[in-house]
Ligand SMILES: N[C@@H](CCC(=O)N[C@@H](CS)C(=O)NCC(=O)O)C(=O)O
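As structure tokens, one chain now follows by itself in the form predicted on its own.
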């Protein structure tokens, strides 16, 4: 089904909205990144109050009369509509399960630089952030990446994909996870990445897809920065 989507997310960061952007770009779907338009933040705030099923927070996606919030939920919808998820129910649920696990991981990434509270500046919790990041690098990155590496290796379909025999939104999200971790923890990731050849392969495969490559080289792709989820503070990169 052809339509123009309206994506509502913060205009200056990749954040959780980037997982949705990658799916829309790979699908070649027409969409407007609303908050990056003139008076876009006003439109974003108005849209949050206008729906009968209001979102708690961005990202959310307007598709015809539907207002869909939560990154994994949006991807569940787009995956079925644009061939970025398996057709069979079991496969769709498996992809959704993996995306929810990615969401758990992203929450832990965020907590490395904001372990005490989101209302505090990073500078107000640097000591706690350093301690949290040390544990994250030593224990949680290997835990999650090891899991996704095994998922990729266990997939008995050819092609090196996470789910089934073709690209899904899970592969796109794993690409973003690897990109973000390499930005936030370059020294730690340089040591660890060789342990995960299947994840390296997925990252490279996604980066070379024509629609994604064009997006990454366009102004639509917001650069990583220290306002998003993946932030690079050298003192946290143990």
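These numbers were taken from a predicted model, which means no experiment stands behind them. Residue numbers count along the first chain shown, from 1.
The discussion below concerns the form predicted in complex with this ligand, not included here.
Candidate site formed by 109, 133 and 186: none of these residues places a non-hydrogen atom within 4.5 angstroms of this ligand in the predicted complex. Only one segment in the set 68 to 76, 161 to 169, 123 to 131, 148 to 156 has any non-hydrogen atom within 4.5 angstroms of this ligand in the predicted complex, and it is 68 to 76. With a 4.5 Å cutoff on heavy atoms, residue 16 counts as touching this ligand in the predicted complex. Contact check for residue 10: a heavy atom falls within 4.5 Å of this ligand in the predicted complex. This ligand is not shown here, but in the predicted complex it comes within 4.5 Å of a heavy atom of residue 229. Looking at residue 59, you'd find a heavy atom of it within 4.5 angstroms of this ligand in the predicted complex.
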